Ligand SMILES: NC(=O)c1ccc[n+]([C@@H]2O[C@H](COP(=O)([O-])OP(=O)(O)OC[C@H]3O[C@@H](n4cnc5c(N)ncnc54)[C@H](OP(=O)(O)O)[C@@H]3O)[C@@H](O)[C@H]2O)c1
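Listed next as structure tokens is one chain, alone, in the form predicted alone.
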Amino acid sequence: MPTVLITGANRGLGLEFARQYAADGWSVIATGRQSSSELGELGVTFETLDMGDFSAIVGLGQRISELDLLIANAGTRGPETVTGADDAREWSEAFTVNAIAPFLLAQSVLPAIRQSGGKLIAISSTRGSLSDNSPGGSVAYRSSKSALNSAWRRLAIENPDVICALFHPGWVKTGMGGPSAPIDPETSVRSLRRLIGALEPQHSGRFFNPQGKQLPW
């Protein structure tokens, strides 16, 4: 039975990833600051994890001896604009959650992933693209996702024997995406799971949209 570790799994895309992988017979390790009733019904293993607690992140990764797939999904938007000290502190927190924490977790589970021939996947966003930075705004979110893209690209270069890839899930109806988003979580995750399953070594270090098209950095 393959094992997947999913961060931010108590709601949104993370919850849908947990639901679909569990339904397909995977052993699911789900993390979040707190569980949810929906997650509890899936019969998965839940690990309380604050993505701002670096020691807890490393500790969790080191406790996992068998792992086939990491989906670093947890994320936060951060402030829309940065004009003062409080905004700057929120920007720093967004960097921690969106870039530093997932990279640290990936490094922590790397031995288990390498042993299984598994994959390291991060959920990013087209807003992290430097080549396509229209229409501006959201500096905290954009810059933190750019940092995630850069860190994951470096992870792939430094570990050529492990498949590391990033995905933009599309504009999805979640707490972050809002009710006007055109894609529901089930559709987005089903597409992403198909693409993740089809990844080959030549795809490592790349950034893809939900249709499998490579996105610019």
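From 1 onward, residues are counted along the sequence shown. What you are looking at is a predicted structure, and each value in this text was computed from that prediction instead of being measured.
The protein also exists as the form predicted in complex with the named molecule; that form is not presented, and the subsequent description refers to it.
Candidate site formed by 74, 171 and 175: every one of these residues places a non-hydrogen atom within 4.5 angstroms of the named molecule in the predicted bound form. Look at 50-58, 37-45, 156-164, 22-30: in the predicted bound form, residues with non-hydrogen atoms within 4.5 angstroms of the named molecule sit in 50-58.
For residue 18, no non-hydrogen atom is located within 4.5 Å of the named molecule in the predicted bound form, even though that partner is not displayed. None of the heavy atoms of residue 146 is located within 4.5 Å of the named molecule in the predicted bound form. In the predicted bound form, the named molecule lies within 4.5 Å of some heavy atom of residue 10. Though the partner is left out of this view, residue 106 does not reach within 4.5 Å of the named molecule in the predicted bound form, counting heavy atoms only.
Contacts with the named molecule in the predicted bound form, taken as any heavy atom within 4.5 Å, map within 87-118 to 97 alone.
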